[in-house]
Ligand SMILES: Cc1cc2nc3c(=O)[nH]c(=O)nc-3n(C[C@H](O)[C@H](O)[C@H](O)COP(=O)(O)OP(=O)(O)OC[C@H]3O[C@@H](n4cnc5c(N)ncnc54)[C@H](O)[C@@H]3O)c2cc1C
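Below, in structure tokens: the form predicted on its own, a single chain.
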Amino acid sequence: MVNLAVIGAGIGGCSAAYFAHKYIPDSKVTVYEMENRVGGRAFTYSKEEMNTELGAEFFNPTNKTVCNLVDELGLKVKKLKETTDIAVWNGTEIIFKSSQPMFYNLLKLFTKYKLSVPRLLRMLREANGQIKKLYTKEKPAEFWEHFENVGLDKWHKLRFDNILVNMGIDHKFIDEIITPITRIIYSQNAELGGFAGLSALLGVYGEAIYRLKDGNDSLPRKLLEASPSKLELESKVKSIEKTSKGSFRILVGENASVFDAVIIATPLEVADIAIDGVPKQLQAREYQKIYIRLMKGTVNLRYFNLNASDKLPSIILTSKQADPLTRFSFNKSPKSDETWVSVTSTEPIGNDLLDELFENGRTIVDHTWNAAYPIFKPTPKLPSTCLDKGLLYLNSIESAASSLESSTFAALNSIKIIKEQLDT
């Protein structure tokens, strides 16, 4: 019997619990979560038979780990529109708009940005092929080893915009098209790390994208239901101490429990966990704070300098000139003529936006992610997952990128490392 503790009940921690019972059948898993809900940074707001994702938004067929989990659990998915119904807004006017399929969008972009378009597509095809090789590696390893083995290590070492420029991609194309697309996932502008930018582009390029019909936060809940794990909500882990026998003592409140292995599946920078007796420590990262406001009403098209006859896109991306606002998402209410609008910003959203954006409107919910994802910067080497034998830090992958796929892939890799350590 292997006694395993998982700290964090987000998608990474719940995946780790699921994979533990799959690959280490005699494991006994306890999941600690300091909040009163399962899901972490996956959070779905449900109202009027409609789900609005306020956290992790979508996945695509290249996300092999997520897709395999969805299939194994028998979850129903919703395929988002195949046509690209988007616009780019610079804070004053719409500078790009299209509701055409991707092929026609590329032709439209080529007439304006010339060779930057085929150069970008060639880069994405090459990188996508390298990422697919990650899934062929059965042997667990540190992430920096995985990246080196498939030729992806250059991406986390350099800034994304520098990589693009070195490949002959024009600054105007980067500012007007590529940066707004990366802001779908990461709101950061300056010094965005190369792999984070690449993963954001690949997330929306060339593949259909999906959400779960019951909301994306149903995935971590279903993972726990499918694994006989003990869930401890509102249980803040104070410390992890390595014992003289090589096991780990975890202190929660005034209660201490001993485990054979521990997976930390929450950012240490915000978890405030003291770790004693472990030689390998991690350098702290700065995390991005994100504000989301969900509103409902009749949209004022003049806010975007659109005419009354213009069709409102499903998504309006923003260029750097529109900071701190990074994205608008629009969905018609199934029960009225009103529109649900989700706005994302890197600064608090004031009521003046509500007054300007709507002819009449109201705020439904405000949500703040205090640690949405790390502020991605180039790094010579990705940090270690294995802090010690039996002590793994799943979130080390977030120095490269943060997504549903990266978390589930990291969870699978971590469980395989623990299994290998137990077998030796």
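All residue numbers refer to positions in the sequence shown, first residue = 1. Source: prediction; values computed, not measured.
The discussion below concerns the form predicted together with this ligand, not included here.
Only one listed stretch (48 to 56, 384 to 392, 354 to 362, 22 to 30) carries heavy atoms within 4.5 Å of this ligand in the model of the complex, and that stretch is 48 to 56. Although the partner is absent here, I177 lies well away from this ligand in the model of the complex, with no heavy atom inside 4.5 Å. Although the partner is absent here, I263 lies well away from this ligand in the model of the complex, with no heavy atom inside 4.5 Å. Within 4.5 Å of some heavy atom of this ligand in the model of the complex lies at least one heavy atom of L404. The shortest heavy atom separation between I349 and this ligand in the model of the complex exceeds 4.5 Å.
Contact with this ligand in the model of the complex, defined as a heavy atom within 4.5 Å, holds for exactly one of L212, V237, V150, V343, namely V237. Proximity of A9, I290 and Y373 to this ligand in the model of the complex is complete: all three residues have a non-hydrogen atom within 4.5 angstroms.
Heavy atoms closer than or equal to 4.5 Å to this ligand in the model of the complex belong, across 33 to 49, to the residues E33, M34, E35, G39, G40, R41, A42, ordered by sequence position.
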